[in-house]
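Here you get one chain, nothing else, as structure tokens; it is the form predicted on its own.
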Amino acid sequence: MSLIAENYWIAGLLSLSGAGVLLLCYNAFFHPLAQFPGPRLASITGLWRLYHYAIGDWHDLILDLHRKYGRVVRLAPNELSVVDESAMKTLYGHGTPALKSNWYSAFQSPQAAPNQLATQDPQISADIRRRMAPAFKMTALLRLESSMQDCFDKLWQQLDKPASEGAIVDMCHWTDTLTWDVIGQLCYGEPLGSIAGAGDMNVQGILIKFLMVSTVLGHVWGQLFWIENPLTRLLGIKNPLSKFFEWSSMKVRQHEESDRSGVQPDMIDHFLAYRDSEGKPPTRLQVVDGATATIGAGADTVGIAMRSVLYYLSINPAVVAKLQKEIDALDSSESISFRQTQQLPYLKAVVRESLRMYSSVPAQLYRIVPDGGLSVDGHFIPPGTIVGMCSLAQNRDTAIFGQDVDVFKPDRWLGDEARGRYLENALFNFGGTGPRSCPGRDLAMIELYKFVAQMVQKFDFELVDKERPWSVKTYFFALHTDMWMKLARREKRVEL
């Protein structure tokens, strides 16, 4: 009997092994996506892609893949990465029937209301955008500009001493301090830029940990179940976002219970004041979600963009000189305002080119190809395929930006106004221009333009190591550390 049982086990193992081999062969040679080029290992298993997401090198890898294999690259058995303007509009534009893939579910905390990033339901997404819209109107944001400027002034005061001494500073730390101060002040009415603020809670560290976990587990069966299950609860292991969610809930309760008359409304006030078409207020969970999403998306991404501009200016001294001349010509007895920055064409070109060259979010933004399929570069992609675009790769599309896409060239945005508008519409930043794009785009641009203009006005700066400007790992965001720069105070100089 034991011999028979043993034979059954052997037969079972052989059957499973044979089925596995057949599946790998099918994925590699007979799958509907077998025609598309890519790493051989990626064609047979999603573990190849999962490995690179886990080690955080996607920002470099995806560019190399598209340079080697072209506009369409196979990243997993049922997953492609594409670079194509038409596909960008089809997948991410207004009126698109393409839905988000299940990967985004890993960004949804079970205790929270549905959030803008994680939800795959277009109607729920539209409802969330409507709730958040009043807080992110340009008119509402500009009323908060003085609060933003207070945060900028604190940064300049902090940087003045090392600049006067010619000391070296870590601009990752200082740009993060600024953006966390700004978003904390605008959302909760208190700065978070000390990074150890909020009752000694490392808000930035919590959110980075959540991004790392969700980015990777989104590609794993069970997703967040691996960190939220009876065993982890027994061991006291929590979702990294739980503590921040509890703190944010407490802040919303404080807003609800306090007298806010005579106080400059912050974003939580806007969220609480919202009423839907039937006159119903949002639930507390929905308000907490709005605040949490604003903080989660509104600090690190802007800091990354600021450092991108600093990097490209540091390695292009002629661009710096031209930009300084434009900024120095401003009548700026007071701090440079956002409206003033919009009168500086070269500044706008520098910022746009920096955003083109280096995106804050290098992760693939996945969509499911809708009925009817998708055509890219003469190839038909069948319905149901998971297709992703990476902004780093899409923003270097030679068909849009020319053959010199790897060159930092602000002048490409100047001259022909129609051409400039076309390029701006073709940029794949902030999740595209469609219904799932980032609602905080205007806030990010206000901060970015003010930072660049005032930084260039006040300081000369150079990288300590131009070959290695920072350390970076990609977990949804391009997470930087150690951007060491030498600063020097400068006096305003105008050539007459």
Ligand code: HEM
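Since we're looking at a predicted model, the values are computed, not measured. Note that residue numbering begins at 1 and tracks the sequence as displayed.
One more form of this protein exists, namely the form predicted in complex with this ligand; it is left out here, but the text below deals with it.
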*Is residue 367 close enough to touch this ligand in the predicted bound form, meaning at least one heavy atom pair within 4.5 Å?*
yes
*Would residue 49 show up as a contact with this ligand in the predicted bound form if we use heavy atoms at 4.5 Å?*
no
*asked:* Residue-level contact is defined here as any heavy atom of the residue lying within 4.5 Å of this ligand in the predicted bound form; does residue 116 satisfy this criterion?
replied: yes
*Spell out, yes or no, whether the shortest heavy atom distance between residue 248 and this ligand in the predicted bound form is within 4.5 Å.*
no
*Option touching this ligand, based on a heavy atom within 4.5 Å in the predicted bound form, out of 470, 36, 430, 58*: 430
*Name the single residue among 456, 65, 444, 42 that comes within 4.5 Å of this ligand in the predicted bound form, judging by heavy atoms.*
444
_Please pick out the stretch from 154-162, 204-212, 286-294, 227-235 that is in contact with this ligand in the predicted bound form, where contact means heavy atoms within 4.5 Å._
286-294
*Can you tell me which residues in 298-336 come within 4.5 angstroms of this ligand in the predicted bound form, by heavy atoms?*
298, 301, 302, 305
